[in-house]
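The chain below stands alone and is given as structure tokens, in the form predicted alone.
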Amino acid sequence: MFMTRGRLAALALAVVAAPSPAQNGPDGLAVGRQMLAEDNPGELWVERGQRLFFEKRGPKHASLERCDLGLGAGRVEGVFAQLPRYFADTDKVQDLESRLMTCMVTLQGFTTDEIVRKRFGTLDNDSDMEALVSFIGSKSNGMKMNVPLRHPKEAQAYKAGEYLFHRRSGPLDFSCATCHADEGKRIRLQDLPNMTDPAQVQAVVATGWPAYRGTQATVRTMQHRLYDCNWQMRLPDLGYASAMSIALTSYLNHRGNGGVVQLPGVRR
């Protein structure tokens, strides 16, 4: 019942924060974003994610306190700022969501299918993953992004992500760069950041996702953002925690090195 009231409050706040017809242009939109950021509904997801992290759940009745997200078992402070990275136990480069999925399967006994089915929340069903990512992401607040490329597979993921970012494909002949490599572009009310500008990519990576989305009244993660972009380009559905999604995240997050983390973010 608490979450239902919280979501209703978040919806009301999103309506209040929406720019009026008189507030045309970036200034009006900035006012709406600032109003949401001052009392970010995403904090509800942070609180829930913290409870989930320490709660004993799943067939193995275990918490995630033994989950190694890159800096040691149970350590959450600073891990978001250094992901994706290579993990020897899986022999893969993993982002936060794919690494959490590994821990939820191995430590708690959940199946991959269970996790993927509930990866994105709706108004009727919360996503544990979105809450966990919000909590863990927030534990890097104030730290600078510092995604490594020390391991050969980290460098390979970065190169693959760079290629995918610029590769045109699909029925619209679009690439990520089609929307995100120039100044002054927008889709409806949404400004499109120029991801070739270091300052803009740092802002997107460090303060972008996970983010509370006023238009969807929920928190969305980077995996959802990439999935949605893929859908908008009319490409086949992007597999959750797929190699393609992690390659793109590796490319973007490494280019965002130096940005100061402040999560969850706020988006329309």
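We number the residues from 1 along the sequence you see. Because the structure is predicted, anything quoted here is derived from the model rather than measured.
The same protein also exists as the form predicted together with heme C; that form is not shown, yet it is the one meant from here on.
Here is the short version: of 81, 93, 100, 176, the single residue with a heavy atom within 4.5 Å of heme C in the predicted bound form is 176. Out of the listed residues 192, 160, 107, 181, 192 is the one that sits within 4.5 Å of heme C in the predicted bound form by at least one heavy atom. Although the partner is absent from this view, residue 246 stays clear of heme C in the predicted bound form, with no non-hydrogen atom inside 4.5 angstroms. Residue contact check for residue 187: one or more of its heavy atoms lie within 4.5 Å of heme C in the predicted bound form.
In the predicted bound form, heme C sits within 4.5 Å of a heavy atom belonging to residue 209. For the chain shown alone, residue 52 is not a contact residue for heme C in the predicted bound form, no non-hydrogen atom being within 4.5 angstroms. Residues placing heavy atoms within 4.5 Å of heme C in the predicted bound form fall in a single listed stretch, namely 231-239, out of 53-61, 66-74, 40-48, 231-239. Three-residue candidate spot 118, 132 and 224; no residue lies within 4.5 angstroms of heme C in the predicted bound form by any non-hydrogen atom. Although heme C is not shown here, in the predicted bound form the stretch 239-268 places heavy atoms of 248, 252, 267, 268 within 4.5 Å of it, in sequence order.
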